[in-house]
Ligand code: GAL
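Given as structure tokens, the chain that follows is alone and in the form predicted on its own.
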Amino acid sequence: MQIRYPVLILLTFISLFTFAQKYPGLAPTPPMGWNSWNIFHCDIDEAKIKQMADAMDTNGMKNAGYQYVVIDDCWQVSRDKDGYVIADPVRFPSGIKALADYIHSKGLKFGIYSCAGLLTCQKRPGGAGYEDKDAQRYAEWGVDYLKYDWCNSKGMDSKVQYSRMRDALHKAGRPIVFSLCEWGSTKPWKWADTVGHLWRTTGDIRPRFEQHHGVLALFDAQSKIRKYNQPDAWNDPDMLEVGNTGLSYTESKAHFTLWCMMAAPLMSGNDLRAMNPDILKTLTNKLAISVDQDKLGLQCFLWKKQKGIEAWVKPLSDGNLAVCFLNRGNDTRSLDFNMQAVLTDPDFKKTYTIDANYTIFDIWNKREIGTTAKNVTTTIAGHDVLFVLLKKK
């Protein structure tokens, strides 16, 4: 007995340790892709999802780094006698595995949606009590990404429920990026790094720049928890509304900029089949995306406020700095910003190794606009940004 007990304790520890860890390296940078909810809500079907995959494959998005095609709520209708979830046979006549295979054939990855509660947000079968069966099916279908919501979960413990699905996914044996859509209600940034790869920090986004659930509100909420962002463990302020009705082109560009500065997941939510060319250029700007995908995984912080314009900074792995000058107001404002004063600030230099002189490159207009030896002087329209890269000389 003296020999067997330590062995049993060791095996128990190894088992617990294994299930406390997610698959490493699945999300070393914030996931990029497309999700059906923002533009289609429940109006989804097999043909429409295939068309999104076709568009992503050919319009430059895949080449820019977008990988995941994710179907959100409303694909499922019931469970069979053994408890396995059933996809809507009318909307998805070929079945989910065939859809996943089609998306994989495009060199893309397939994502699906469920919920940790008894029912999904749209009253479809939830995952509570069926975690093992659902994870088994997802593995059989070839799922690469699971968005897991938090509706109809009254009386449940979020960490317990999400951990059950994490363990089921590991048991099923297929590496799947696990996205916790818990809305930040129990501060998942404090516990979810051992459960999933990303966690929602806010309620659902709406296609508006200001007001409740708008771009700025979600950006502000995220800025308070920046220290929890890191590779394989991402704060998620929700999907992109870039290009959707409710945001102007300028606001869409600013929205994308702020998400890149936050190292947020870039999950587009517009109709990829019918994009304005300017919106496509925004979503596929590789330099902007490189700021989001920087391997350090740092989230931006507020550098300085000056006459109604905020300067947000994000240090990058190559020693460069990304800077966003944000005009929250409705009117055009003038910027006359002394970069040297900030770059030489003792408190800033204590934290980050920086140079005194950089070339300033305008990310959206794709041109150099000077150096940090001189003040940055320009005007910024209302709800717009100046998004620049400070490049080491």
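Numbering starts at 1 and runs along the sequence shown. Please read these numbers as outputs of a predicted model, since none were measured by experiment.
The same protein also has a form predicted together with the ligand, omitted here; what follows describes it.
Checked against the ligand in the predicted bound form, the candidates 204, 210, 80, 220 yield a single residue with a heavy atom inside 4.5 Å, and that residue is 204.
Checked against the ligand in the predicted bound form, the residues 153, 122, 306, 290 give one hit for a heavy atom within 4.5 Å, which is 122. With the partner omitted here, the stretch from 319-327, 281-289, 181-189, 241-249 that lies within 4.5 Å of the ligand by heavy atoms in the predicted bound form is 181-189.
Proximity of residue 37 to the ligand in the predicted bound form: non-hydrogen atoms within 4.5 Å are present. Within this chain, residue 72 lines the site of the ligand in the predicted bound form, having a heavy atom no more than 4.5 Å away. Within 4.5 Å of any heavy atom of the ligand in the predicted bound form lies no heavy atom of residue 197. Within this chain, residue 138 is remote from the site of the ligand in the predicted bound form, having no heavy atom within 4.5 Å.
Residues of 264-279 placing a heavy atom within 4.5 Å of the ligand in the predicted bound form: none.
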